[in-house]
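Below you will find one chain, with nothing else, as structure tokens; this is the form predicted on its own, and questions on how it binds or moves follow later.
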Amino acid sequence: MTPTLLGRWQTRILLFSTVGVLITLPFGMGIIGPGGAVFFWVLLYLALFGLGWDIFYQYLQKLRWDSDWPGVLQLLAGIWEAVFVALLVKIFGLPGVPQDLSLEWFLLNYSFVWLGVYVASQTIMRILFPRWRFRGGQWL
């Protein structure tokens, strides 16, 4: 699939607001880790910054010879996004997220969320929205 910018945005918002929230719930409720709304704030920042990153990813995609965006690049983008948000939190701080946020809990939550979003985008999106792949990632 070659995603369009609108398709990227729709897919990111859908997956972060469903899969991301479901995976973050145990962290936020304190079932896993210290709990608190901080994990939901981080999820919100990841989704918001991701909308901007998608513009950059769309540009990079056009530079590839086949103008495609394979799954391995999506996984690599996930590493960059984690580093970016972690540095923002530690250096500048973000509203709702304390600067002394445990890096271990952040990485554990982020890893689960990103893996869940990645797996959902590669599997369940193709089942629930069969034309999603052929419409550049747009599901609306």
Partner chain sequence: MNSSSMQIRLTWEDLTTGESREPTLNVPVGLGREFSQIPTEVNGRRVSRIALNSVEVSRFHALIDLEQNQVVVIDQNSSNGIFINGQRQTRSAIANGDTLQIGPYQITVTYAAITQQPPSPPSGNSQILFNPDTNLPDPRLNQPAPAPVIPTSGSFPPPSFADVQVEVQDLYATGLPVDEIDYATIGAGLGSFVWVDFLRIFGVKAEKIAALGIEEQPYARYKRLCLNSQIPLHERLRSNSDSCPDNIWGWPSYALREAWHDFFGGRLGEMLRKLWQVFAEPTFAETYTPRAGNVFNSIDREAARIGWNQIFRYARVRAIRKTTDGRYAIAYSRMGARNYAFIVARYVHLAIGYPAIQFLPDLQAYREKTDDFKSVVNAYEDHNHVYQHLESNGGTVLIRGRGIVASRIVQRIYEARQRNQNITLLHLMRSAKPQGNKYGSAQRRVENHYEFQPFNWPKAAWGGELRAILEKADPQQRQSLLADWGGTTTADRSDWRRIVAEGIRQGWYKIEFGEVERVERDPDGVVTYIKEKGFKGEMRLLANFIIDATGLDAKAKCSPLLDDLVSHYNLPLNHLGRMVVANNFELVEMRNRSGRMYAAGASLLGGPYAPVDSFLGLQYAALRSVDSLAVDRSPATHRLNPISSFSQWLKWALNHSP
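The structure presented is a predicted model; accordingly, all values stated were derived computationally and were not measured. Residue numbers count along the first chain shown, from 1.
There is another form of this protein, the form predicted in complex with its partner chain, and it is not shown here; the text below is about that form.
*Asks:* Spell out, yes or no, whether the shortest heavy atom distance between Trp65 and its partner chain in the predicted complex is within 4.5 Å.
*Replies:* Within the cut-off, so yes.
*Asks:* In the predicted complex, does Leu128 have a heavy atom within 4.5 Å of its partner chain?
*Replies:* Result yes; Leu128 sits at the interface with its partner chain in the predicted complex.
*Asks:* Does its partner chain get within 4.5 angstroms of any non-hydrogen atom of Tyr118 in the predicted complex?
*Replies:* Yes, Tyr118 is a contact residue.
*Asks:* Answer with yes or no whether Gln122 is in contact with its partner chain in the predicted complex, where contact means some heavy atom within 4.5 Å.
*Replies:* Gln122: contacts its partner chain in the predicted complex.
*Asks:* Of Leu108, Leu75, Ala86, Leu48, which residue is found within 4.5 angstroms of its partner chain in the predicted complex when only non-hydrogen atoms are counted?
*Replies:* Filtering the options by heavy-atom distance leaves Leu75.
*Asks:* Which single stretch, out of 65-73, 27-35, 78-86, 98-106, brings residue heavy atoms within 4.5 Å of its partner chain in the predicted complex?
*Replies:* Careful reading of the contacts points to 65-73.
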